[in-house]
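Coming up is one lone chain in structure tokens, specifically the form predicted alone.
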């Protein structure tokens, strides 16, 4: 099989090399190098498909792409950059196998609920007993790479929901029922930020939605997909589609920008004329970010929050799900909020799944530029809409030495506080 067959070769011809994408690309912004831009990467994929360059020649540029897809939003000719990038990642993954550790974490760890719970409980116990703090003081953390040390320093206090607290059940609406929704909890989100998931469901109830939490759901597959592992992603997608099909939900709601983008793109995993493509389309049409439903509702805000707020949008919420206005609208509705926009607000923060761990230095360059723009509006609170962005912004605040001045929260946390949900 030729590389042109396996790569999205035909799609590369839609790029007219106009350069509109360049100012929107984080890696072009930090490097100024053509091969680190969407336009440059599209050219590399085209040359790779024509077998004019080797996979090794293109791999580093492809791997350093954050996959934020801001270039798609900026593109005047509707180039399907995500499809082109994904085809290159799948080829590179096939020709250049991942490390055993990466395979263990992505293929065995994330889709496994028992592993997630065990990891979450282990970290929760280590934090509560002071083992993490002791390891830090004893210098044990220094044996880990700088990226792991950085992530550990901003990790939230883990509080895994107990079985009696997290019953998989139907949560009735408060007041008149509007719609029935199934709630998607995610993996990392539910392990590190389970309270945000719980608060999300309470907000939906408060807005008049009947919320159902089903145990059979699994990982969305986003991190596997971004690593070029299509077969494994399809297996997870089929499982999620099948379990949610058992229920007659009006919507399937999540509070995770990255996972939500994967869910709405499930149809792209399957052959267009297959039964699974049709089932994936029906599933994807029902998937919405929580901000979409809450923006249409009348949340009863009972508390003023007199703070300066800046919002860092999730790239996959904005550029893939096309959810742009709703988070702004919700933040502005909160009594007392002084909402301020900042330069290059729509540019990636450098999180991008596990990019900030795998490509730490490059991610920090992107993050530092982001913080330069944010700090100009002097926020008290930075609002995010994705767990990866949440951790990355916390790291940015810490790198600037402003942890006492600037708080980082998920938009659900801000709304829950304004509605006095605790």
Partner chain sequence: MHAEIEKEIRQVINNKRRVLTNEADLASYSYDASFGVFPPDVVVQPTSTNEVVGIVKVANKHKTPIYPRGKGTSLSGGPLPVHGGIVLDFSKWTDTLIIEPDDLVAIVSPGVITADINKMANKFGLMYPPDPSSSHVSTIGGNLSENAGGPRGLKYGVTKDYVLGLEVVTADGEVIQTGGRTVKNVTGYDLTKLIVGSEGTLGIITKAILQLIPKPQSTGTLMVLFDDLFIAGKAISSILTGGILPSKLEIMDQASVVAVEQFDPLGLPTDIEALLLIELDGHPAAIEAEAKRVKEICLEIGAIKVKTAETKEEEAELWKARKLVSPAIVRKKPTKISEDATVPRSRIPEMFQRLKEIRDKYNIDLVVFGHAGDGNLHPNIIADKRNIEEMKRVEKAVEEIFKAALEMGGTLSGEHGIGMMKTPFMEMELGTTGLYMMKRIKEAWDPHNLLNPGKMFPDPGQRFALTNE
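Numbering follows the first chain given and starts at 1. On a predicted model such as this, the values are computed, not experimentally measured, just so you know.
The following text describes the form predicted in complex with the partner chain, which does not appear among the structures shown.
J.: Within 4.5 Å of the partner chain in the model of the complex, counting heavy atoms only, one of 36-44, 384-392, 368-376, 63-71 shows up; tell me which.
T.: Among the listed stretches, the partner-contacting one is 36-44.
J.: So in the model of the complex, does any heavy atom of residue 358 sit within 4.5 Å of the partner chain?
T.: Answer no; every heavy atom of residue 358 is more than 4.5 Å from the partner chain in the model of the complex.
J.: Does residue 404 reach the partner chain in the model of the complex if we count a contact as any heavy atom within 4.5 Å?
T.: No, no contact at 4.5 Å.
J.: Are any of the heavy atoms in residue 76 no more than 4.5 Å from a heavy atom of the partner chain in the model of the complex?
T.: Yes, residue 76 is a contact residue.
J.: Within 4.5 Å of the partner chain in the model of the complex, counting any non-hydrogen atom, which residues from 8-37 show up?
T.: Contacting residues: 10, 13, 14, 16, 17, 18, 19, 20, 22, 23, 28, 30, 31, 32, 33, 34, 35.
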